[in-house]
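Single chain ahead, by itself, as structure tokens, in the form predicted on its own.
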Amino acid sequence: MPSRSAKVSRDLVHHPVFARFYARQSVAAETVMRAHREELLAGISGRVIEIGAGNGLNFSYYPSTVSEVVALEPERLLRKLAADAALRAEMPVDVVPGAAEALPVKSEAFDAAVFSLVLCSVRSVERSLAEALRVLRPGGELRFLEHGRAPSGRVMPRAQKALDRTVWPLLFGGCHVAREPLAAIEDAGFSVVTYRRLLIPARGPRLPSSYCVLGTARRPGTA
């Protein structure tokens, strides 16, 4: 059983309207997201913590090299959907409540950690990444697929900042579109191994949330 490093409300995050929207939209987007989820999780192994598991859509993409997944989801409805998805997974998946900023698990307990479209909506990116660093074994992997600030140009980055200050977090469950996840991962002390920038969706109009980065980083040190 996971053990708590700090007292965290079981429902610290509760966005019932957005959770229902996200549950429907994410399933509809799987035709686009499938290849990205496969790339995100290819070759991952050992004991894994997924931070912000949502409705559990990643579970079916974990390879047989994974021995166990501890999946944290703070939102009540999404956690229930993730628990249902865990029943269909091919490896043990334990879905538990918890916040990214105070993971209810022991230090150095995992071989890999996964952030998948999560850092946009956490209350503190810095604290969330510090916690991921804490719970990984030395040399452990961080896999990430996140959206953030447009890397170039003048119009979109300004629009993203304006949206973050006004309506976007209110409409989309605390999501922000102008954060810079790759820089934050490096600043947290991870060594970035590989990454690539991509647009989701790849074709069509550019949305404020289209600018993504997918990659792998490591906690320094050796096991």
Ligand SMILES: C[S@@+](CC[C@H](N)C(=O)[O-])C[C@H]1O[C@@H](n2cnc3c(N)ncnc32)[C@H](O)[C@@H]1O
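Remember, it's a predicted structure, so these values are computed and weren't measured experimentally. Sequential numbering from 1, following the sequence displayed.
The discussion below concerns the form predicted in complex with the named molecule, not included here.
- Shown here without its partner, the chain carries Tyr62, Ala109 and Thr216, none of which come within 4.5 Å of the named molecule in the predicted complex through any heavy atom.
- Considering the named molecule in the predicted complex, the lone stretch of 148 to 156, 134 to 142, 84 to 92, 97 to 105 in range is 97 to 105 [heavy atom distance within 4.5 Å].
- Remark: Pro181 does not count among the residues lining the named molecule in the predicted complex, judged by a heavy atom distance of 4.5 Å or less.
- The named molecule is not shown here, but in the predicted complex it comes within 4.5 Å of a heavy atom of Ala53.
- Proximity of His176 to the named molecule in the predicted complex: non-hydrogen atoms within 4.5 Å are absent; the residue sits far from the partner.
- In the predicted complex, the named molecule sits beyond 4.5 Å of every heavy atom of Leu129.
- For the options Leu78, Ala113, Val125, Ala71, the residue carrying a heavy atom within 4.5 angstroms of the named molecule in the predicted complex is Leu78.
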